[in-house]
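Just one chain is shown here, as structure tokens, and it is the form predicted on its own.
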């Protein structure tokens, strides 16, 4: 277990972060400069908090009130930085073995072999860092971070310097590896897809504070606030007010929502772009609930998907809709500008204003 409750006065803000990681992957997610890497440094002992407490496994490694501050090398944590920092004059085997102090030569060779098999880098044993690709170097660096038994693994945007294909491979490798190492992992990223793929729980950071800490699906589908929704890529966030019962008004149109909102109470309502639906219902028919007429104002093509920006014709909000390329072709979106947009009730989420 890793338990964190630390505060640190920084130049731009005061870092004030609380979270825990059990036998799971916790992702610290947020924009650049939000305090993610500083938090990780505080856990590792590379930055001394002004106050608070850090627990790793069964040990308290930092406690400001008890004057405990265990040095980084004694915190029993594996740490993988953005830059792999392998020793250029050492081979893969020698880089991994460098972290194995206190073992005889036979035990060191055995542990290096185990890690090489675990990370699928057996063929790289005699190579130097300059003879390897970026992805191979990251695997070697991860093996070195795991060389000695650790109570936790810290990953500071480890794949950010790689191209997209390599990042995809290493994300999948880390998901697979998670099944084989029974320690908490804390991973820093500002990549939404990476957070969604890797995380069991996500802590959303902004200006040094945790805005929401919850299971992955909870953060992405039930954000705690407008700010969390926007940080996690929710394109459609609407100002609304309650009509009583499970109904709200957005831009002059009434919508049913999953929970009751008292009449006149201001709230924010959000829905992810991929959850909005286009219907080919004749726009002159009586519209079903949660539907309104809108025109496509612009669209962007991303190869396997399209992002459409629609403006309501009459009451209703402007909305962004993501459509996969196959439905886009089947519906004939390219030749039709006016649509009925549906915001399904169970995909709408109500947040306090």
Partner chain sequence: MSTNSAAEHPRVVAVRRAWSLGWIFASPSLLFGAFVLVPLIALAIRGWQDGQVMERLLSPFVLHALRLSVVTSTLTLVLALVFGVPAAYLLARGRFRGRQLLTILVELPMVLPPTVAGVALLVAFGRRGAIGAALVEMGIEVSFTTTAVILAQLFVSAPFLVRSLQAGFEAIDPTYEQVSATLGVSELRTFLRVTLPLARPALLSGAVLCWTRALSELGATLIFAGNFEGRTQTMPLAIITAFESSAGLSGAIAISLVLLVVASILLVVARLAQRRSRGSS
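Because the structure is a prediction, the values reported are computed rather than measured. Residue numbers count along the first chain shown, from 1.
Only in words, not in the display: the form predicted together with the partner chain, which the text now covers.
For residue 72, a non-hydrogen atom is located within 4.5 Å of the partner chain in the model of the complex, even though that partner is not displayed.
Within this chain, residue 112 is remote from the site of the partner chain in the model of the complex, having no heavy atom within 4.5 Å. Among residues of the shown chain, residue 89 is one whose heavy atoms approach the partner chain to within 4.5 Å in the model of the complex.
At the 4.5 Å threshold, heavy atoms of residue 83 reach the partner chain in the model of the complex. Judged by heavy atoms within 4.5 Å of the partner chain in the model of the complex, the contact stretch among the candidates 202 to 210, 262 to 270, 235 to 243, 74 to 82 is 74 to 82. Here the marked residues 302, 310 and 328 all miss the partner chain in the model of the complex; none has a heavy atom within 4.5 angstroms. Residue in contact with the partner chain in the model of the complex (any heavy atom within 4.5 Å), chosen from 46, 68, 293, 55: 46.
148 is the sole member of 193, 247, 148, 222 with a non-hydrogen atom lying within 4.5 angstroms of the partner chain in the model of the complex. Counting a residue when any of its non-hydrogen atoms is within 4.5 Å of the partner chain in the model of the complex, the one hit in 110 to 141 is 128.
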